[in-house]
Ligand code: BGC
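Next up: just one chain, as structure tokens, the form predicted alone.
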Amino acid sequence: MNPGKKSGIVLLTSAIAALAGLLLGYDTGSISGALGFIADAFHLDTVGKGGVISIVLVGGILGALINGIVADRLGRKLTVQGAALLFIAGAAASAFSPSAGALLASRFVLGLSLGAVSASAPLYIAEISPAAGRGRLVTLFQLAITIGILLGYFVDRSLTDSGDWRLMLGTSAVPASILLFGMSILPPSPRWLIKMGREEEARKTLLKISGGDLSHAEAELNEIRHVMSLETKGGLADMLRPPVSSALVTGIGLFLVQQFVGINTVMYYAPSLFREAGMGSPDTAILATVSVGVVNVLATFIAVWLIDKTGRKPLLYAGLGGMLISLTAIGGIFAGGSDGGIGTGRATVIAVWFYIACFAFSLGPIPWLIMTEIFPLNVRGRAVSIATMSSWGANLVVSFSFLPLFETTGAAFTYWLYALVSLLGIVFVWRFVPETKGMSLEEIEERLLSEKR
């Protein structure tokens, strides 16, 4: 990416769109600390607590599915704005829920919003970013998720003494409002505009992004036109056969690995995990959870720094290898038995820190990036939605099964199972994930279509 005006405009656009990630992270962080108080208020058992978490994921699956239709017809920008508005409504309804049923309905609405925005926001950033900096800019979405998680933890920490779970949940409407109004000053995706036949608007957007460089804008416009001429109509049949079908295997597979290494069980149930490891005080356990959020944010900067230098696959290998080691260690700590003392708790915190750091620079941001890169423009909106649905679906399975699995088989077996997924993930990356560093979206698509021919 060239310095100067072009970088500033693209960075501002990406930063505002990445606020969508803050919504995902804040909900994850805030519900982690609020869950215990909600359970006390509505007398929820293990299944009930799992339902409060999982209903958002059910909504996320449906929201991602709807996004596939809306993002291609109305555009990525309007989809993000609509999702932000829906999130505000869901956050307000959650805060004022008079019963467990009303809370579940409100959180389902939140899930619809998060499912849509998690597909459309990274896609919008990728389609407006230059090739040389696309990795860093899409990674801002994941960085915003980690900051949102940490922000949610801090809000929970400040409200722990009062137990005001309604305020913990209701404050998430603030970042959603910022996203809604911030998106109003941004241009539509130029690639979506070209797809819709609005070339003059696309030319103006590309000219703005390039800092007024007319030759660069025209060259990019011609490249997009050329690649589109190689595409088919982009119907359902095209998505079920090569090359799109093979790209779907890559996108869906990465998200399955991302979720089945157990990341959200740590984020959702971190206080319970630390109490199980010997930290008897809820206040101490939540404080340790806040430290996990700090590590998550800091380690994500490793991806921002390296993803366009070393590439996507080296970071995936390093992260999965580190998670394999740390998950094996967490299982070993629990297998050795907890004496209820601080020593076991400290060892668990250190192992979790290492696990979170490895996830944050690899499986955290890279699946969101890869899914925006590997699909042809004619099916990109729908294909990205399908990949995102797989993330929400896998998250649902893992989150809903974690507590029963934890209580039935024990902590050691649960975390060793996640370690096995990390090992299988290394094999999957080697076999199915392409390296896309430094290539424009059109170059990636042309290579994909050439492989088909």
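These numbers come from a predicted model, not from an experiment. Residue positions are given as counts along the sequence shown, with the first one as 1.
Same protein, other form: the form predicted in complex with ligand BGC, not shown, and the subject of what follows.
In short, of 126-134, 317-325, 146-154, 89-97 it is 146-154 that has heavy atoms within 4.5 Å of ligand BGC in the predicted bound form.
Contact with ligand BGC in the predicted bound form, defined as a heavy atom within 4.5 Å, is made by all three of 142, 264 and 364. Shown alone here, residue 258 lies within 4.5 Å of ligand BGC in the predicted bound form, counting heavy atoms only. Contact annotation: residue 192 falls outside 4.5 Å of ligand BGC in the predicted bound form, judged by heavy atom distances. Of the heavy atoms in residue 296, some are within 4.5 Å of ligand BGC in the predicted bound form. Looking at residue 28, you'd find a heavy atom of it within 4.5 angstroms of ligand BGC in the predicted bound form. This chain is drawn without ligand BGC; in the predicted bound form, the residue among 375, 165, 355, 368 with a heavy atom within 4.5 Å of it is 368.
Screening 32, 422, 395, 385 for any heavy atom within 4.5 Å of ligand BGC in the predicted bound form leaves a single hit, 395.
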